[in-house]
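Let's start with one chain on its own, the form predicted alone, as structure tokens.
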Amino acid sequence: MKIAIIGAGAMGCLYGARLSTVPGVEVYLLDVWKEHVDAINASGVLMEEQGDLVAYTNVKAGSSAEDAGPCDLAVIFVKSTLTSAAVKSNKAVLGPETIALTLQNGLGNIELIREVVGESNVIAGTTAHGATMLGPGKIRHAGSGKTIIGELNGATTQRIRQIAQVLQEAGMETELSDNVLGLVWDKLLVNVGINALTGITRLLNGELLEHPEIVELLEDAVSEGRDVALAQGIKLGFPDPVAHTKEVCIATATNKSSMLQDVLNHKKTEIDMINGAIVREGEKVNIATPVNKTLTNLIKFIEKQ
């Protein structure tokens, strides 16, 4: 199997490195960061994990999709703000039979990828792994968890079984889901409750729960998202998304959310695909989302500074 990883950030490198250990799998990491690409080609992906440093040297890296050519599977790992541009600029790896898998955060990535490759070639999923970029060619595997993937229509197909098997062989615990869109929303609602608030307050995930006024905003933001999801007929995996979000805050208490990291690094955030997505989807079903609108606007203001 020939696999392209579009977006060789920390998560892209984690999956690319692990997949490169599977016999018969050829992996290409595609990224625009030349120093990073050069470091991978020189020494492989260097991964810190549980105190050990392992070099994964079977992976190839490049900035040009033409170097890889059409692949069997393309895993999209760019930030959601870059999805459309990244898929279009790497179209050379997307042949007529290529399966595109998004494991990204936020809402709207499926639709953006579908515009380029067609609906029948897109599958989706979520990942509970965590990884941090340490420098060119070097990452830290910060936490393990399940990868859950599925067909958009809920079918259990031969191709989804095959991809799950390859991920399993790569050491990534993987499950199949017949409700992958529900899983995407489950993860979205957690991000809705945590990311913008951490970006605005500069608090760590667990610290959000120490302030009653912030907890109230978290509860209201997630509740708005839940109401929008249910109005759209989405089957959520948690009966109480607010309680689940608080559980995630506790489980990841010392984490800096990705949005907080972006704010601190003066980078554009994924707010439009998270809280902003709740606002857009709410408008479609005539549900007001004032808390998510306010959080979205505050993050956009911070981005301008």
Ligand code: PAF
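Numbering starts at 1 and follows the sequence shown. Rigid core: the largest C-alpha set superposing within 1.5 Å between the two forms. Keep in mind that this is a model prediction, so the values were computed, not measured.
Missing here is the form predicted together with the ligand; even so, the following discussion is about that form.
This chain appears without its partner; in the predicted complex, the one residue of Arg226, Lys187, Arg140, Lys79 with a heavy atom within 4.5 Å of the ligand is Lys187. For the options Leu46, Val242, Ala65, Val248, the residue carrying a heavy atom within 4.5 angstroms of the ligand in the predicted complex is Val248.
Residues of just one listed stretch (232-240, 23-31, 52-60, 251-259) have heavy atoms within 4.5 Å of the ligand in the predicted complex: 251-259. Although the ligand is omitted here, in the predicted complex all of Asn105, Asn195 and Asn205 have a heavy atom within 4.5 Å of it.
Within 4.5 Å of any heavy atom of the ligand in the predicted complex lies no heavy atom of Asn109. In the predicted complex, none of the heavy atoms of Asn90 sits within 4.5 Å of a heavy atom of the ligand. Not displayed here, the ligand is approached by Asn191 to within 4.5 Å at the level of heavy atoms in the predicted complex. Core-superposed comparison between this form and the one not shown: the CA of Ala74 stays below a 2 Å shift.
Once you line up the core between this form and the one not shown, the Cα of Gly206 ends up 2 Å or more from where it was.
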